[in-house]
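In structure tokens, the next block holds one chain alone, the form predicted on its own.
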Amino acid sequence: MSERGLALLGGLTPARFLAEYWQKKPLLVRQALPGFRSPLSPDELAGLACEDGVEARLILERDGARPWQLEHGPFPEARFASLPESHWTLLVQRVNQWLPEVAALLDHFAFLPDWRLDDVMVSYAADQGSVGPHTDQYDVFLIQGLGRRRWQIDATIGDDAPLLEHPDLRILREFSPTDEWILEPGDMLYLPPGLAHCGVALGDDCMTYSVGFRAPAYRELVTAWVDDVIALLPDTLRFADPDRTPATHPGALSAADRQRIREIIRQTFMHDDAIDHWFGRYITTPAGEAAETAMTVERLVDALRGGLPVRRSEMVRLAFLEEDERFRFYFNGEEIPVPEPLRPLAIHLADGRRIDGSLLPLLDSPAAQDWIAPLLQDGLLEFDDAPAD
């Protein structure tokens, strides 16, 4: 790992960070991104929050119709001119899907699997702006982009801590800080799931980039899996008992009947290969709208030969499964067949966000170009306007 990569984790190797901090305890890293400059301005973030299709929220601690008022975007431009001077926060989700400069932050987190990544949320807070003390059920890396923010944690609060009575926000009723830090541009704070925390802007123009890693709830996973299985089950599959013997007690649930029901459930819901196949499709289903840009193979090859930067679109999700003789490639919730000679091409695309000339040898056949062409038409790649590291 490069010195720059080690700086992100305060000199820790990814292996040591994962062993000692990941999902265990917070980590503060001063100048994790030395010389970091916010990729967008407060006005640009506000402009993004006014656009259709962008998920944005506004939280006012004061001066709203009620304490901790929540508003959803898109917002009219005039809304920002009417905001108070302090105690409010603008949150914009999935900014990495809209701005390559923000997506470039994700290059620093390649030591974690892509499927765990949720998005990069960007927040702007006026002086004393906050979203209140709360807990999150996911891992997050908080990178300070502009201004200063004070982060506090309360390590004594559990998941069952009482909340304020609010229809939309999960704000802790009690919060007693056990630690606090003030972050400046380039500083980063990692927080594991379930750790109560609160961030408050100190002065104007405070912007924070939150790189969040999703952790699907058991209920979400099981519901999605069951729904998928049910949709594929034909009505012709029914309970059958051609070898039934006379019942001694008509009211009893016999051992033979119970065993048959267990087998039906296990065969239907607990087949490892079927679960793996479902998970590949489920976890690569895009969260946002489909990409609108398309690229031809010829244009891609010309760009790579000319040294033009190309990037995998943040609107798409890829994953592959390789185990023993199995190889499966998933793109936006669908399995894409991959001939064995083209597996290195599929792996290359799934592993890298930035695409360079190293892809060219893998495209040096009509079969490879025919395979990638429909993916390009579905917005797999786009030209990269973000600066290289």
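These figures come from a predicted structure and were not determined experimentally. Sequential numbering from 1, following the sequence displayed.
The next section is about a form of this same protein that is not shown, the form predicted in complex with succinic acid.
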With the partner omitted here, the residue among Phe279, Phe213, Trp98, Trp151 that in the model of the complex has a heavy atom within 4.5 Å of succinic acid is Trp151
Though succinic acid is not shown, can you say which of Asp136, Asp205, Glu174, Glu184 has a heavy atom within 4.5 Å of it in the model of the complex?
-> Asp136
Choose from 156-164, 262-270, 246-254, 120-128 the stretch whose residues reach within 4.5 Å of succinic acid in the model of the complex, heavy atoms counted.
-> 120-128
Would Leu142 show up as a contact with succinic acid in the model of the complex if we use heavy atoms at 4.5 Å?
-> yes
Given that the partner is absent here, does Leu91 sit within 4.5 Å of succinic acid in the model of the complex, heavy atoms only?
-> yes
Is His87 close enough to succinic acid in the model of the complex to count, meaning some heavy atom within 4.5 Å?
-> no
Flag Arg317 as yes or no: does it have a non-hydrogen atom within 4.5 angstroms of any non-hydrogen atom of succinic acid in the model of the complex?
-> no
Residues in 341-378 close to succinic acid in the model of the complex, defined by a heavy atom within 4.5 Å, in order | none
